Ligand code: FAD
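Starting off, we have a lone chain in the form predicted on its own, written out as structure tokens.
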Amino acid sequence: MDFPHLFAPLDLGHVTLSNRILMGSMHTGLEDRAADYDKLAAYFAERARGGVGLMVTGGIAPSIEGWLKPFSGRLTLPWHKPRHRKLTGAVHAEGGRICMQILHAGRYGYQPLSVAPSRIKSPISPFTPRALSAGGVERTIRDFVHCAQLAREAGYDGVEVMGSEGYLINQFIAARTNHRDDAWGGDAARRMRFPVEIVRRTRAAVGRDFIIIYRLSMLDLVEGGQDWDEIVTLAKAIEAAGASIINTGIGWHEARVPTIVTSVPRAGFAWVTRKLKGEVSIPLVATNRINMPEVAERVLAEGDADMVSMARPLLADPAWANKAKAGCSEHINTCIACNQACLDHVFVNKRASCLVNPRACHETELKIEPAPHRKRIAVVGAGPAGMACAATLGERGHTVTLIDRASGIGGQFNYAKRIPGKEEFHETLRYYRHRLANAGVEVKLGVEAEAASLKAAGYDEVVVATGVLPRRVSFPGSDDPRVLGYLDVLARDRPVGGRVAVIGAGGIGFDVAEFLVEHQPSPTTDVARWASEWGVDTQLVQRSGLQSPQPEVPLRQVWLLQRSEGRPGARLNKTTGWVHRATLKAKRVTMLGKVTYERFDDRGLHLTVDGKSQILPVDTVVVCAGQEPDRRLAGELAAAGITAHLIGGADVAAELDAKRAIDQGTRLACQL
């Protein structure tokens, strides 16, 4: 076996898990409506079938006060149990095991009934919570216990008590959010009494043959959090109270340090879990940015943890475990930690999915089934949309030819993989190379598809996925050889000077700016360098694991410019945009809005900014001013009387939207 530690059984006393893979909790949006539980059951069943040792649901509230938002998922009444039995029944039918996460949002609740240890508003909710009375604290503990009892009755194998990420239990533990001076606050011993009582009373209520996972915040990453001695003391108390497993929690949602985005190094926080090894005797779970079997095996083999938790990697590939066990990790559809279809969706009340796997959370609707009538189909363009479409068509039994003028598949992914922190796109291209081959797709590279040749070949269907063309800008001097397009920089390695103006502050502009200021290899591949840049104390001497950030000196001086008013980067993705803005700020990138470009000459780039003239003393300008659909082939096909299907950037050019492109390509392929 390639990964002996990963697939070693784990004996919990009353039950033995088949491997060391925990599918970590992740909210999908399907938990919030009873009508969606059939879809949620299919989602979990597919991952149980894929070989996961133990899985945990998204957060379920133990009371209305604990809701994440109004009418979100809860298990508080007997008639809530049938919907949950759909999940447990589906998972057990596939031979899997599942725990339900009990999550009380506390002051993070996006609803007016929220409560907290103290009346302190959080920065991520507009509602100020009501401070719990002593009686309210006791009632809340009873709510947790009752929820766990109902979970057992609903067929769950256990529960996970959510004690990290800044939710209610974490709020009790930290002096930052607990200003009480009674039996539930004050010194550290009283602050940690709340979680200990929850675990102790839950264990007494559910018996010994029921898994209790406690999600322990081991690294708060906010001012006023716990120090390491307090964390160790709490871990020991949680073990004594009856927990079966301690799962690692990293960071609060309001922390200034990113914890799960793609720029975080792989297994970038496993060292935290390792530090707790030896302090407790129950299994410890490492988490965050563990996305490939080789990474997981190393964490376990080096003794950092007893299990590894992965949530988004199992969105990306439900068969992750089975592929790893079979020695076929090269076939895994790797999570790239982009957050675009999972967390970004959940935070705007949309159903979660996955950029690289649009079937995630849509298993009952988006099915890849044998085609009733097999066809010969040409797909032109091997970018994200074309690759997804061709592979899915081949898997359905069609005879498919994928054609691209480039020398390799991937399209714009080949440029994205060069951006610091986006190295995971290498994995996506590796996955598609194998998937296309397995699906029997004929791939023709270095070939310019023409309407005449496609018509002569007599294809039943033609899919045009020819992508985008960079939009140019025009001003005096824009034809100067020192004015480059983003493809000149990322694809052609044209020389770039030491002082650069980047025109366009969308996603591509931010990517190019990061590429220009960052040294290679980037800190995203080195935990120590990354921790230093973001101010994470890996020795845990400082409270909460925070220290002063020490950004590396930027490789170039960069100005990032946009025509529109407002803050550059304001339209970036919700859960990752702040990371990109913070990264460029740390690299001393000047960001300007409401810019008019006057001319470029030997003195630099002449601008009008908010009505005032200035000159940027740059020696290079890089244009990232958006894209336009490349529909030239579609027009030629129409003229030849051939109806083609337009997908991806050729259909809509919108900031290189790979999420939409892969989804669109997959859905079209399921219909043809």
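Computed from a predicted model, the values in this text were never measured in an experiment. Don't overthink the numbering: it's just position in the shown sequence, from 1.
One more form of this protein, predicted together with the named molecule, exists but is not displayed; see below.
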item	value
Exercise: Phe425 in contact with the named molecule in the predicted bound form, heavy atom 4.5 Å	yes
4.5 Å heavy atom contact, Tyr415 to the named molecule in the predicted bound form	yes
In the predicted bound form, Asp630 touching the named molecule (heavy atom, 4.5 Å)	yes
Close approach of Glu448 to the named molecule in the predicted bound form, 4.5 Å, heavy atom	yes
Triple contact flag Ile403, Tyr486 and Gly649 to the named molecule in the predicted bound form, non-hydrogen atom at 4.5 angstroms	yes
Contact residue in the predicted bound form, from Gly545, Pro129, Pro318, Gly411 (heavy atom within 4.5 Å of the named molecule)	Gly411
Heavy atom within 4.5 Å of the named molecule in the predicted bound form - the one residue of Ile290, Ile245, Leu355, Ile173 that qualifies	Leu355
Which of 192 to 200, 382 to 390, 93 to 101, 271 to 279 sits within 4.5 Å of the named molecule in the predicted bound form, heavy atom basis	382 to 390
Partner contacts in the predicted bound form for 449 to 482 (non-hydrogen atom within 4.5 angstroms of the named molecule)	Ala449, Ala465, Thr466, Gly467, Val468
